[in-house]
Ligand code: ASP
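Okay, so here's just one chain, in structure tokens, the form predicted alone.
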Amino acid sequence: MGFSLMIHGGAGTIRDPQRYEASLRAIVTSGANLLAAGSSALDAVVHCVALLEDDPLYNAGRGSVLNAEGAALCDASIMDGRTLKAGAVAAVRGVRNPVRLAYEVMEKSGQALLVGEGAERFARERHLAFESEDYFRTRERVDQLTKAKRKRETALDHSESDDTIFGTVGAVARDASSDLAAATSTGGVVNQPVGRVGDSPIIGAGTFADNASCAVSCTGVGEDFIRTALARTASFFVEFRGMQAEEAAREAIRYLVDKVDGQGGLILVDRQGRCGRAHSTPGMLTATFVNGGIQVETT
């Protein structure tokens, strides 16, 4: 059996798409090489999302935006389509790769979601890498926060003069054993209030995977995705309406817009390995490896 892999780097108004293309291509290629060597879908999505977290181009891990107090607080989740096991973390500080912590929560904690100091304590117990505050305070993110505060923008306001990318990264995969997995990671939104959590660590809203249907990773205004349980909704379209990946992705975004006028996008791989993407924003950053070829899309 073949394998499929799709990653995303966020959705929104993308004014300089070429700056992302090489990174997306390299990361999806690296993940595809793992799958070709026999790795599981679960390993592939962790690998790809960790690489996206390490790249300051994206709003996750090192490139996370800063909240109203100037801190980078990260969320992430992962789900195994074979077992329906899931792990998630929210509002964690200093963890280099939140997706790896989400994986440890799934595999070693006996829990599904850990937050804040408790999640950080568990990360230390599992000997995961931490970084200093300066690692996360990139010049671009400091400037974004300064501008947001000057304009008194709320957490979900965005300036039309800049790249507007709803900050999430994610990956979905189907491996050679036909198992599915999904993972998602984010730094939230610029200048968000302390305590705010979006959809990325919420199973069924920002992330979902089930071998009976598909694997989904979402990006956008988190409150919209939580209220529509959009990742799970997309999976229903595959499992119970018989939709293929592209149709299910489009229908899910149509539902998001119809119900709550939602902004964002999602990527999806179905149980046959077909990949789909859809968004209600002007653009979305994705890269896909399927049938031996790579496609990078920024619109």
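Predicted, not measured: the structure shown is a model, and the values here were computed from it. Throughout, we count residues from 1 along the sequence that is shown.
As for the form predicted in complex with the named molecule, it is not shown, yet the points below apply to it.
Peer 1: Can you check 110 to 118, 190 to 198, 174 to 182, 79 to 87 and let me know which stretch has heavy atoms within 4.5 Å of the named molecule in the model of the complex?
Peer 2: Comparing against the named molecule in the model of the complex, the contact stretch is 190 to 198.
Peer 1: How about S217 - does it come within 4.5 Å of the named molecule in the model of the complex, if we only consider non-hydrogen atoms?
Peer 2: No, S217 is distant from the partner.
Peer 1: Is S235 near the named molecule? Define near as a heavy atom within 4.5 Å, in the model of the complex.
Peer 2: Contact check for S235: no, nothing within 4.5 Å of the named molecule in the model of the complex.
Peer 1: In the model of the complex, does T186 have a heavy atom within 4.5 Å of the named molecule?
Peer 2: Within the cut-off, so yes.
Peer 1: Is there a heavy atom of T168 lying 4.5 Å or less from a heavy atom of the named molecule in the model of the complex?
Peer 2: Output for T168 is yes: heavy atoms within 4.5 Å of the named molecule.
Peer 1: Considering non-hydrogen atoms and a 4.5 Å limit, which listed residue (I202, V221, A148, A91) is close to the named molecule in the model of the complex?
Peer 2: For this set of options, the contacting one is V221.
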